[in-house]
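The data below hold one chain only, encoded as C-alpha cells and taken in the form predicted alone.
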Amino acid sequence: MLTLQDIQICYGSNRVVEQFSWHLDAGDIGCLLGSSGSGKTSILKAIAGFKAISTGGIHINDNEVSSDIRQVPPEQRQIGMMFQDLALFPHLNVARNITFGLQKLTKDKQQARLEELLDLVDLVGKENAMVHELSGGQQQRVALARALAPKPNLLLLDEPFSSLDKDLRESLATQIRQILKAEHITALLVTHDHVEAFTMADKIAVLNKGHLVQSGTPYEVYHRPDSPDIARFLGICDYLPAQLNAEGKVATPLGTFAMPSGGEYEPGAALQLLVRPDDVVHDDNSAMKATVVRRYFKGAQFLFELRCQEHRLHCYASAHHDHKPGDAIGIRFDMQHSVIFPAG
C-alpha cells in the first residue's frame, strides 16, 4: 500500500530525513515513532503531499506520488488526514463536519455514508450536536469519521491524541485501532509516545535525527531493541554489569542467565544486561532481597524503585503490596527476553 524508498527531506540546507526506506502493507497500521526533531512529521507531510522530497520516491498503491521530479498534489492522493489539533469546524454540527468532504455526492449518498460512520464511531444521536458540546474523546471520533468519509486509500494520523490525558489517550487509541481494523483501513500514525505506538500499531519505525534506527512489530522493538538508546526510549530500563562465562551464560552480580540468541561475544567479554520492570518479580518467598527506594502508585500496580546490592532495579507489583521506602522485599528474575549490549 505504501512504499518509501531512500527518501531525503530538506529544509533549505538542513537535511531532516536521510535515506529513509520503509513499507506498509494493505490493512496494516504503521507508526513513525520518535522524539521531537526525529523527522517523523516531515515524513508524514511528504506522504500527504505537503512537503516535497529531495531524493528517493514515495509510492501509494504502486503509483508514484513523490520523487525529485514528480509531486502529485495532495487532493489527488486519496489520503485521509487526522490532524493534531483536529481542525473541526466550530460553526458546523457533527453531521456537517463529517460530510464536509462529500459535497460531490448526492444528498441520499451523503446521508447513507453519515449514518454508516456515526454507527462506526459510536456517535449515533449526536449528529445535530455542535463540536463544543462534545467531550474530547467524542471530538476525536468526529475527526476520525470525517477523515474516513471519502473512503481514502490511506489514513494519516498526526499526533492525534496529544491534547488528551493519559488514560483517555490509551482508551481512544484502542477504540480507533478496532475501528480501523473493522474497516480494513491502512493507516500511519505519528507519535512520540511509545505506549500509543504499542497500543495502535502493527509495525513501528523508530526514528532518531532523521534516520531509521529500528523497525519491527511492537513486541520485537520492545523485547529486542537494537541499542541502549532505543531501549531507554521505549520504557523504563536498568542495567546490570555482566560477563560472558565459559559455559556461554551471562554472569551478573545478581545471578547467571541464559545467553540471548544471536549474541556474538567471546567468553570474558564485558557486557551489560538490560533489566526491565517486568523482568523483576515481587516474591516474598525469595531469598534475594531488595530495598524499596521509591514507589509510584499506578492504581492496580505499584512501580517500585529498588536497590539490590547497590544495583538499581525497577519492579511492578500488585497494589495490594503496600511497601514503604526502606522496606526489604523479596524478588526474583523472570528473564524470558534477555538483552545484552557491550559494556558502557
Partner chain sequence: MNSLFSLNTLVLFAAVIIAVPSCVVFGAWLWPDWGLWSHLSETVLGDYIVNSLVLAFGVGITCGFLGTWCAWCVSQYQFAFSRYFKWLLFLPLAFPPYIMGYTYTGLLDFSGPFQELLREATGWGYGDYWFPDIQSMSGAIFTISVVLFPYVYGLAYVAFSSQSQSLFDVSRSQGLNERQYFYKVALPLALPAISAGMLLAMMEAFADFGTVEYLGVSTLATGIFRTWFGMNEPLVAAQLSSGLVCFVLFLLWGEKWVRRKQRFYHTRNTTPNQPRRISWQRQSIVLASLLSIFLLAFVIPVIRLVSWSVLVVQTSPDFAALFTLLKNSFLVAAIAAIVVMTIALLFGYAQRAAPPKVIKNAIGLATMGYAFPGAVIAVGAVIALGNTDQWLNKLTLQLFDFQPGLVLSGTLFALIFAYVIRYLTVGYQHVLSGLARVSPSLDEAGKTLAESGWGILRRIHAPILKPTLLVGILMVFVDVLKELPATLILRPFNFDTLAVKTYELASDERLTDASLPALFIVLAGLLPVWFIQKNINTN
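No experiment lies behind these values; they were computed from the predicted model shown. Residue numbers count along the first chain shown, from 1.
Note that the form predicted in complex with its partner chain isn't included here; everything after this is about it.
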Quiz item: Taking the shortest heavy atom distance, is P74 within 4.5 Å of its partner chain in the predicted bound form?
Solution: yes
Quiz item: Is A87 close to its partner chain in the predicted bound form, meaning a heavy atom pair under 4.5 Å apart or at it?
Solution: yes
Quiz item: Just to confirm, F50 within 4.5 Å of its partner chain in the predicted bound form by heavy atoms?
Solution: yes
Quiz item: With the cut-off set at 4.5 Å between non-hydrogen atoms, does F83 touch its partner chain in the predicted bound form?
Solution: yes
Practice problem: Could you tell me which one of G137, P218, P228, P150 places a heavy atom within 4.5 Å of its partner chain in the predicted bound form? | Solution: P150
Exercise. Would you mind picking the one in L273, I176, I79, L254 that has a heavy atom within 4.5 Å of its partner chain in the predicted bound form?
Key: I79
Quiz item: Okay, which stretch from 127 to 135, 194 to 202, 96 to 104, 181 to 189 lines its partner chain in the predicted bound form, with non-hydrogen atoms inside 4.5 Å?
Solution: 96 to 104
